[in-house]
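Taking the form predicted on its own, here's one chain by itself in structure tokens.
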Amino acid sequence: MNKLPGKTVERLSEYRRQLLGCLAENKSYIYSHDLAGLLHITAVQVRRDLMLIGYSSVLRKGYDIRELIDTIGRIIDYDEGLNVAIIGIGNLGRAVTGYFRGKRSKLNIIASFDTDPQKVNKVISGVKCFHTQDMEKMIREMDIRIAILTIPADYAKSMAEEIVRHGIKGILNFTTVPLNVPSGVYLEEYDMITSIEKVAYYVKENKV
């Protein structure tokens, strides 16, 4: 299978999240238009995405929910699982850690890093906090591949350069500073201000 487009991977993750909810409601099958309705997209888009991963529905029954969850997992999950670290365990870092821990068995937040002596060597939001001075050692020892940056913007660029040197292969950037990373490192940037402004724009356009 060729590498999937980023938007397709995002939708596959969203499909799985909705399908897990359906499974919890004791549903066994779902039609493409019902799954599309949960994500506010078209049934054609759902069918295109699932065709890309080689999955098709059972006629008259729709998609087998459990089977589709497993199929999506085989496509987007790493077989052995991946270890994740939070860089900066302030309010945002705590919130992200608390929200995510335990949600996916193949992605494990196992450490955080900070410079605050009040946080170092303590368990915060269920994970132990290490000093940033120990990052190189702990990233290698704990086989951490992904880092989530929730640090002040002034430190984002230098921190990204440092963690890449230590072997990090994927970065989720929650700071307001755009980053540049070398080839071979995947960067996903989430700008909360942009997201809120997008919501505000559509509220403005839809006002009566």
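All residue numbers are counted from 1 along the displayed sequence. The term rigid core refers to the most C-alpha atoms you can superpose between the two forms while keeping them within 1.5 Å. Just so you know, these numbers come straight off a predicted model, no measurement behind them.
Here the subject shifts to the form predicted in complex with another copy of the chain, a form of this protein not shown in this document.
Asker: Just one of 42, 176, 158, 28 has a heavy atom within 4.5 Å of another copy of the chain in the model of the complex. Which one?
Answerer: Of the candidates 42, 176, 158, 28, 176 is the one lying within 4.5 Å of another copy of the chain in the model of the complex.
Asker: Contact between residue 119 and another copy of the chain in the model of the complex at 4.5 Å, heavy atoms?
Answerer: Outside the cut-off, so no.
Asker: How about residue 56: is it within 4.5 Å of another copy of the chain in the model of the complex, going by heavy atoms?
Answerer: Judged by the heavy-atom cut-off of 4.5 Å, residue 56 is well away from another copy of the chain in the model of the complex.
Asker: Quick one: is residue 148 in contact with another copy of the chain in the model of the complex, heavy atoms, 4.5 Å cut-off?
Answerer: So residue 148 counts as contacting another copy of the chain.
Asker: Report yes if any heavy atom of residue 46 sits within 4.5 Å of a heavy atom of another copy of the chain in the model of the complex; otherwise report no.
Answerer: Contact check for residue 46: no, nothing within 4.5 Å of another copy of the chain in the model of the complex.
Asker: Going by heavy atoms, what in 68-100 lies within 4.5 angstroms of another copy of the chain in the model of the complex?
Answerer: In sequence order, 74, 75, 76, 77, 78, 82, 91, 92, 94, 95, 96, 99, 100 come within 4.5 Å of the partner.
Asker: My question is whether residue 20 is one of the residues whose C-alpha shifts by 2 Å or more between this form and the one not shown, given a fit on the rigid core.
Answerer: No, the C-alpha moves less than 2 Å.
Asker: Does residue 9 move its CA by 2 angstroms or more between this form and the one not shown when the core is aligned?
Answerer: It does not reach a 2 Å shift.
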